[in-house]
Structures are given as structure tokens and as C-alpha cells.
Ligand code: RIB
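One chain comes next, on its own, written as C-alpha cells: the form predicted on its own.
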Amino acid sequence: MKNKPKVIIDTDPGHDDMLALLLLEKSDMFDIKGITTVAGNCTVENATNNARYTLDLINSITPIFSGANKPLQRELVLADVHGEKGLDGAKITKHEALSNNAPEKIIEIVRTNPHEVTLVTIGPQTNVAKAFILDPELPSLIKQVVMMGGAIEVPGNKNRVAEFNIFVDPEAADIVFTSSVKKILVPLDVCNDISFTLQDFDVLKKTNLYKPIKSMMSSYIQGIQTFEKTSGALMYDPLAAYYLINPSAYKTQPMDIQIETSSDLTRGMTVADRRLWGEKRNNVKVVKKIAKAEFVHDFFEILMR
């Protein structure tokens, strides 16, 4: 573990979150210091149970720390596509105790490993924002934050313009986006182009993961079809996770992005300054293109290990 990059995964599992967790864990490339759970796709209770279920599939001992049970200033809005408990198709029997200390643990881990920890945020950014509020110096001590979120030139998947993670807690996202921390954003623009059919997962047939993943993906694909009117298991969060594994497969562009927190109509919009004129204050690198063939190959190769 000594020489592996240090990572914290902040998540609200979620079918695609589950796959992102498996991808990072099974790659064996990282020293995963902790998984912090947050309310988003489901309640924080369900998110924490879902994280435990996912880790148990691969006998992982990565610690789980539960966090925020609602956004900073708003009522919680749950996702539709993942079902009532956030991970439909999974046979979850364990109920993980809530530690309610994710922001404090983020601070502790980063402070113990200054300039070495990457945060991967694949849910609403409430825990991270709370950590930044508690410790204003923290952004300068984090190596980078890799975020799944936002919609730059495509419609939102929660309202007309906003992606779900940012929509749920736009005030938290605003705190993260206006902070000094280095940020990489993986938006809907690239995520919408990469999905799997149920049959694609048949390559896992000889693994212990095949049956549980097939069951969960069947439910996920049905949810995507019902609520987003598109087909296939969209790989939102695994694409953020894969950035850590193979950043050379990504093309990014610096952008000046602000988060809409005032308007009900455009709540959670990632407002990019796309003008050819005016003074830009670029605060995030936005992923514009992903080498799809590399992702697909590595994704299944890693899960088959």
C-alpha cells in the first residue's frame, strides 16, 4: 500500500456507484483510505448498507464512514432510476451502523496525508462541502477532486439543465467549485455516450460477481428506460473512477464554471462561460472526450480479476 495513490471515495450507491467502487477496489492500484456515504440516490442509511454490500462482494475491508443525511440547505430529493433502496436487484441483508462522521474523517485522512489524497465524488458533494466549512485550509491540502456531475452542452437528467448530483445539493457544489482545490469534472456530455446492454455483462459469467451484477443491472436498465427514456446501463460513475486508473484516456478542457443556486428553473445548472470573449477564471478541467474502447476493455478486464 505504501506507494499506491491515496483515495477517498464519496458516494451514494446507486448501481453505477456500485460499479465504480468495484472498479477502483479490484484494480488494486490504490490505497483506498475510506468510503464516505452521503444521501443522494437513496437515504444515507441505504447508501451505507449498499456500500457495505458492494464491499462484501469482493471481501474488501475498506472502512466505511457515513455522512450527511440531507443537503446543506434543502430537502433531500431521491433518484428514481435506482429503485426504492438505491440498489434494486441486490439481496441486501446487512444493516451497517452509521458513524455520522464522514466530513471529520475526510479532514483527518487528508491532514494525515497532506497533498497526497484524491477525492472521488460520485454523489452530491455535501460531505466534502461540510469538510471544507469545518476546515477552510483543507482544499489546499487535497491532491485533486475528481467529480462525476454537471451538464455542459447537453440537457440535464434531473431538470432541463442540471445533472442529478449537482441538483440535489447545489449549495455544496458551489462551495467545492469556488474552492481552490484542483478539480476534474466528468459531465453528462461524455457519460451519455457510454452504456452497456445486459448481455455485455455475460463476459463475467465465470466470476462470482456475475449473478449479483446481472441482477442489479437488470433493475438499473429498467430504471433508466422508465425514467430517462434511453436504453442501456449508463456508466456515469465508473467513468469518473476510471479517470484515476487511466487519465491518458481522457481529453480535458479548462473552464470557468459556476453553480446555479438561486433559480428554481435552473437549480443545479453547471453554468460554463463558453463565450469567445471576456475574462475567464477557469476553475475546473472538464472532460470532453473519453477513449471508449480503452474504458470498455479495462472495465471488464478488471472486474474479471
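What you see is a predicted model; the values in this text were computed from it and never measured. Sequential numbering from 1, following the sequence displayed.
We do not show the form predicted together with this ligand, though everything after this point is about it.
Partner absent here, but in the predicted bound form, which of 70-78, 161-169, 207-215, 129-137 has residues with a heavy atom within 4.5 Å of this ligand? Among the listed stretches, the partner-contacting one is 161-169.
Sole residue of 102, 185, 87, 122 within 4.5 Å of this ligand in the predicted bound form, by heavy atom: Of 102, 185, 87, 122, the residue with a heavy atom within 4.5 Å of this ligand in the predicted bound form is 122.
So in the predicted bound form, does any heavy atom of residue 48 sit within 4.5 Å of this ligand? Judged by the heavy-atom cut-off of 4.5 Å, residue 48 is well away from this ligand in the predicted bound form.
At the 4.5 Å heavy atom threshold, is residue 54 in contact with this ligand in the predicted bound form? Judged by the heavy-atom cut-off of 4.5 Å, residue 54 is well away from this ligand in the predicted bound form.
Any of the heavy atoms of residue 106 lying within 4.5 Å of this ligand in the predicted bound form? Heavy-atom contact with this ligand at 4.5 Å: absent for residue 106.
My question is simply whether residue 236 lines the interface with this ligand in the predicted bound form - judged by any non-hydrogen atom within 4.5 Å. Because a heavy atom of residue 236 falls inside 4.5 Å of this ligand in the predicted bound form, the answer is yes.
Though the partner is not shown here, which residues of 88-109 have a heavy atom within 4.5 Å of this ligand in the predicted bound form? Read in sequence order, no residue approaches this ligand (within 4.5 Å, in the predicted bound form).
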